[in-house]
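First comes one chain, alone, set out as structure tokens in the form predicted alone.
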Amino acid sequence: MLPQISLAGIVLIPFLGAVAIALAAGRARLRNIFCWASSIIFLLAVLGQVAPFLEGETSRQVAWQLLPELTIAFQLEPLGLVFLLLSSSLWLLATPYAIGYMAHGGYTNLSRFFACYAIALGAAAGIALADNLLTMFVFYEILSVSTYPLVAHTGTSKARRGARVYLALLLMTSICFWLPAMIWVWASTGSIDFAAGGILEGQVSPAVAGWMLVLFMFGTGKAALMPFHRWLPAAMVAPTPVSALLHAVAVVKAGVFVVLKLALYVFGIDFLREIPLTDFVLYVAAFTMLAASLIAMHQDNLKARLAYSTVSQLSYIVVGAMLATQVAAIGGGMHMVMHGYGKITLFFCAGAIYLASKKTLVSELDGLGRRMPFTMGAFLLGALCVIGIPPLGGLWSKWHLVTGAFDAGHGIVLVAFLVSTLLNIAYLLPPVLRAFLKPLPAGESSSIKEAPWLCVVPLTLTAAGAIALFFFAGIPYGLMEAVFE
């Protein structure tokens, strides 16, 4: 049986790992050992919580009490466990990829890089285990600040400019929208603690709750609702391991996790249906879903195409929350997991393509499947997962989202899901078709030349995970269903 440590201990593991990594500056082998150890210990600590949780054990831990009703506190609940399992499993696979990519790419200042990488995962753990809005807000801001050096890591003027856009938008939305909404909730209810079924019903009118909802949804900039999505494409100047962290492991998943948490534990889905502005947020998310897909179709740069794809896919989860039905919310939580495995595979592949061939454009991928069969095969699986085609896990999350839209009677959203899926096919399959069906450009060797094995093995495993989630979708489904029990 795995040891069970405290919830605060789980949050501290990545932060302590970051300190160890920083102290190992100049000693690459020791630094890499600390990177591996941090991710392994973190995963084991999360897995150690699963059995007691399934047996009905509940735990809450106050780390710091500012006022009687204002604390930094942690509690494990089903949705948080889903996010923890996703981030801890993907961090373990992202670690060797990042080590191989950064070393082969000739990057410097790697101790700073991996220390910030670990801090970001610690912040994600704090968000997952947050027992109240204040705790979530604090770790949300830590996540924004800790990923700024990662986005700007190359130090070029373009990287610094992209990092400034990244940080400015995330801090502006959270401070200008989320913070006032949190204070408004506290003033209206006397509490900022999360509770099953929400805390606002009966405390504020649906009209007031509507404005709170708008502030929270646009204040959660990491969910990338338009027009506050520009930070995400701007961050594509970062090295690919950072893009994978932003798009699959920590940052954007923290954003949509926050959206789901607010919908289920602050507003409650029953009260959401009474709020007039819920439909406004729903249609903004549906518009984002379609508009970002259309933009993705016209991006020749592979990472930019994947970035706008992420903007679109995040809105699936926001739509799932705003549909205010149980099945749609379950679908949103499941899509957080399915998209995580699918999208990290795609970004891993994009990085591997660059390392092995220096190609960054979709138009340059002709015949590349002959030279990089493992990478492009994994890209196909990641694409099918994001599209939602069996036997990949994305099928089940999209099925529940579509069912939720049908149950809620939102025909426009049903059409948006259908059109978006067709657009997914239009921008994700052409890179694969070019790679496997078109000939190599004249003068290029057809001999196999993959990226370093530290990159190829993780992308193969994440692609396998996307397949496994098709057969074991009952795990995230069961945890999401437990949210409503």
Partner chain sequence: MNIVDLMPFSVLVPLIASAVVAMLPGRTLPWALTFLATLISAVIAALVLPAATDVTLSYPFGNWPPPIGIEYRVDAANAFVALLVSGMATLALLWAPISVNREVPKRQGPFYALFLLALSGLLGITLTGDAFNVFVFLEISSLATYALVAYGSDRRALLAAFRYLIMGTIGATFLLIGIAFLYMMTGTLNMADMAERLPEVRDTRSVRAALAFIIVGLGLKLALLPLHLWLPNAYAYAPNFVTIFLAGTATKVALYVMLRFIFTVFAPDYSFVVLPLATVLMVLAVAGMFAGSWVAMFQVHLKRMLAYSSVAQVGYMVLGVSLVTAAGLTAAFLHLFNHALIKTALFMAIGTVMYQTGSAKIDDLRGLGRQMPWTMTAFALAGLSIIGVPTTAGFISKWYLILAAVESGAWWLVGLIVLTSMMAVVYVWRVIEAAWMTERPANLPMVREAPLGLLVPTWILVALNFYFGLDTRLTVGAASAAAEVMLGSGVSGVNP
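Because the structure is a prediction, the values reported are computed rather than measured. Positions refer to the first chain, counted from 1.
Just so you know, the form predicted together with the partner chain exists too; it's not on screen, but the next bit is about it.
A heavy atom within 4.5 Å of the partner chain in the predicted bound form is found for one listed residue only; from W399, F374, Y354, F137, this is F137. The single contact residue among V62, L70, L437, A426, judged by any heavy atom lying within 4.5 Å of the partner chain in the predicted bound form, is L70. For the three residues R112, R160 and A187, a heavy atom within 4.5 Å of the partner chain turns up in the predicted bound form in every case. The closest non-hydrogen atom of M182 lies within 4.5 Å of the partner chain in the predicted bound form.
In the predicted bound form, the partner chain lies farther than 4.5 Å from every heavy atom of I389.
Using a 4.5 angstroms limit between non-hydrogen atoms, G197 is distant from the partner chain in the predicted bound form. The shortest heavy atom separation between G155 and the partner chain in the predicted bound form is within 4.5 Å. Residues within 4.5 angstroms of the partner chain in the predicted bound form, judged by any non-hydrogen atom, belong to 167 to 175 and to none of the other stretches in 167 to 175, 76 to 84, 355 to 363, 98 to 106.
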